[in-house]
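Consider the single chain below, provided in structure tokens and representing the form predicted on its own.
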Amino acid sequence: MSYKAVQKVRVKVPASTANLGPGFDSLGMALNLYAWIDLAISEQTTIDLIGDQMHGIPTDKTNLIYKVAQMVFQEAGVSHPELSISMYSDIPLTRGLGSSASAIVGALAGANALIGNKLTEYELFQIASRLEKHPDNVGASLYGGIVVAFWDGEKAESIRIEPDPNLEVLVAIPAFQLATEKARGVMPKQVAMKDAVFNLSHSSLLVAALITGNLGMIRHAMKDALHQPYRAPLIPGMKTLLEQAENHGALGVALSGAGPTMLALVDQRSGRKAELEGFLKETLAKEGIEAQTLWLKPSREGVTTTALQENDGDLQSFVDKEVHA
């Protein structure tokens, strides 16, 4: 990471999953699925979105990356009103894999690198949590690994956990989008004390299991009473997956963020990976839902930035040569 201002920077930022079941708005894990953003100080603002899934994202100054970058400049007391921005992402949009958090973190880190990293990582985390209103996805994309965090409406604090080397993640991504607002809208404004205690105890046990590498405890800990029961009707097949995936080789299963992606934690030494993947796909297919499955690992590395030279080529050539190679 450079400590002097640069003209152009390339950012790589991981996807994330939030909640992991009981850790609602407080647990996040970075995943090795990435977005790349090129940012450069320019004489005129241009925004180039690479790939089909970027359809519908604004290409003017209402673009999220542009707006977040300007927040960094404002916070640091500098002015760069015109930017050249290119973005490519393998993170599916509005599927519960932290696509908006990755864009926010990527824009923060990229803009900060352009001005010589005037803001600390902690300051970037504060801005990101303020924008997202919860710190789990942004914390994971910023720091990598597993992040335990809170946001109290004014500040965010977090502790990073190094993921167990045997932890693997299977996601089933349904072929429909689910807006976070809709997924939050079905949740009650108040919960029973027994449900609050249920989640506190399970979330605490899950954090302890992740820290100590007690992977066998995950199946007991990864249960939730605060959000998944209310969101299950939005995702046909989810209830079956929550109840039965552990019988097919999962350490534990949860809705990824606000969904609709379903996530299973798996011990990579398990001999039942194909069985589990088949079970996820078949359960959703019975409900008429087509889903893509991906085997991922926790990303130990958070967001990274690289200063680019004139002759380094554009993001499209990088994607063609490096990402799709």
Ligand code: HSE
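Keep in mind the model is a prediction, meaning the values are calculated, not measured. Start at 1 and count along the sequence shown; that's the residue number.
Below, we turn to the form predicted in complex with ligand HSE, even though it does not appear here.
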Joint contact, A15, R95 and T293 to ligand HSE in the model of the complex, by non-hydrogen atom at 4.5 Å:
no
Work out which of N166, T180, Q244, S204 lies within 4.5 Å of ligand HSE in the model of the complex, going by heavy atoms.
T180
Partner-free chain; cross-checking ligand HSE in the model of the complex, the single residue of I47, A40, A258, L276 with a heavy atom within 4.5 Å is A258
Of these, 149-157, 108-116, 190-198, 132-140, which stretch puts a heavy atom within 4.5 angstroms of ligand HSE in the model of the complex?
132-140
Under a 4.5 Å heavy atom criterion, is R184 part of the interface with ligand HSE in the model of the complex?
yes
Given that the partner is absent here, does H248 sit within 4.5 Å of ligand HSE in the model of the complex, heavy atoms only?
no
Just to confirm, D314 within 4.5 Å of ligand HSE in the model of the complex by heavy atoms?
no
Taking heavy atoms only, is D25 within 4.5 angstroms of ligand HSE in the model of the complex?
yes
